[in-house]
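As a starting point, one isolated chain is supplied in structure tokens, in the form predicted on its own.
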Amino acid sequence: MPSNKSVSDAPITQFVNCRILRDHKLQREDLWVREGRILDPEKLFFDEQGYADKRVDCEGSIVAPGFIDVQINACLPPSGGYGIDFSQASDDVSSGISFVAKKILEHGVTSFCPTLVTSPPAVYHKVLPQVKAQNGGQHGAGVLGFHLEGPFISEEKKGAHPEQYLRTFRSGGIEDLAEAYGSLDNAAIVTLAPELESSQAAVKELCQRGITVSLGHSVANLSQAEEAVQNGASFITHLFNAMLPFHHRDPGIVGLLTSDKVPAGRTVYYGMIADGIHTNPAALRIAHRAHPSGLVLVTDAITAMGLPPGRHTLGQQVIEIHGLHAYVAGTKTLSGSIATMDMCVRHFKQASGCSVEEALAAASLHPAQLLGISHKKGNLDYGSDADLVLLDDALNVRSTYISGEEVWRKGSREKKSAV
């Protein structure tokens, strides 16, 4: 039991010898945590006369908010052989998601959106009710809700999505959503093509339900994309991929990065797969320099992540792995990535020339802002959840914490001692 005069009996942990990311810069100061949340040390010292019950020596590490991945199809251990595919109609999807949630801790991810690619209604109806949003912990990263990528997307830009399961809004939008997905209670993001007839009604309905609408797998022109944003859409799924290329007369969805039709006070965010394969470094730099505050790093990781070369399954498709490339079998169509979030953070910094702070924000603050949860995640502000990732100067993950408790560690051992 703590012997200090704090208003709470809960133990207080002090992270020392670290540089914490706060207010968009790395600062040499300690981080205080109690009951899973970050404390204001001034209030602790002067109002409560409290002090630490436990100290964690970070050994000079960078302490950043835990990473948030809003698009991850699947994951598996580096040794391979245990691929998890969220788009398979299993009777026990939750066990697969739990496995993924545990594995991604080693890559600094503390919260994520498991992603379902285009599937038949029976899969959505079976899978979606099985997994609800939940906090992370020793069992793994927290689940923020599903990202439903499809089936209301363009046939022309379907990418690796199976054409036979693509859908249009035949009944005016709202009824089509219910028919395809069943319940949307556990959905956080829906990716759709805004050029589809009656899609704007669907955009409005989804936003009214508090679901983030993302534009992707689309041949929309700029005005169609702007209309969707005016109706509430706020995200672009893997920018540059599966959409019309930028054209100077009509830049398409890409034009949203600098559009003057975005409502005042609103931000359009965009996902980037910074794996060195999906997006040329020059394109990555163009996007970042045009709209740095909207960039959200995503892995778009698939079931073949970490597997050896050969054929594997993604949803209803067969894919082939060649080195670091994943293709729809028999084609040169890219099919998700086999990247990890920490790898994307490092590549983004190297390729874009951005600062360490910007690279870390793209994997934490920006996705939290996108999902409307930045009041508790994606930053190290006082009162926020103590979801942390400790990194060395090369941005390799040393350890991961959720609610102030260590959930994964690698490399140099942290020295913990009771005060």
Partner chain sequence: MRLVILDDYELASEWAAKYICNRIIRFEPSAKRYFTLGLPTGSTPFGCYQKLIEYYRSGDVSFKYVKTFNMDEYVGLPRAHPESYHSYMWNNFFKHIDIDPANTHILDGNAEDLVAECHAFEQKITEAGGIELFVGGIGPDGHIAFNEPGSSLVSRTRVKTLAKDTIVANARFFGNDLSKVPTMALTVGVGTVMDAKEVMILITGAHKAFALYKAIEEGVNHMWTVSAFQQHPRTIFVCDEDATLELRVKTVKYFKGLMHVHNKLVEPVLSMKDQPNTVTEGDD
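This is a predicted model, so every value here is computed, not measured. Numbering follows the first chain given and starts at 1.
Not on display, but discussed next: the form predicted in complex with its partner chain.
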Its partner chain: the contacting residue among D53, E29, E59, D392 in the model of the complex [heavy atom, 4.5 Å]:
E29
Note: its partner chain not shown here; in the model of the complex, the stretch from 61 to 69, 356 to 364, 372 to 380, 45 to 53 having heavy atoms within 4.5 Å of it is 45 to 53
How about G36 - does it come within 4.5 Å of its partner chain in the model of the complex, if we only consider non-hydrogen atoms?
no
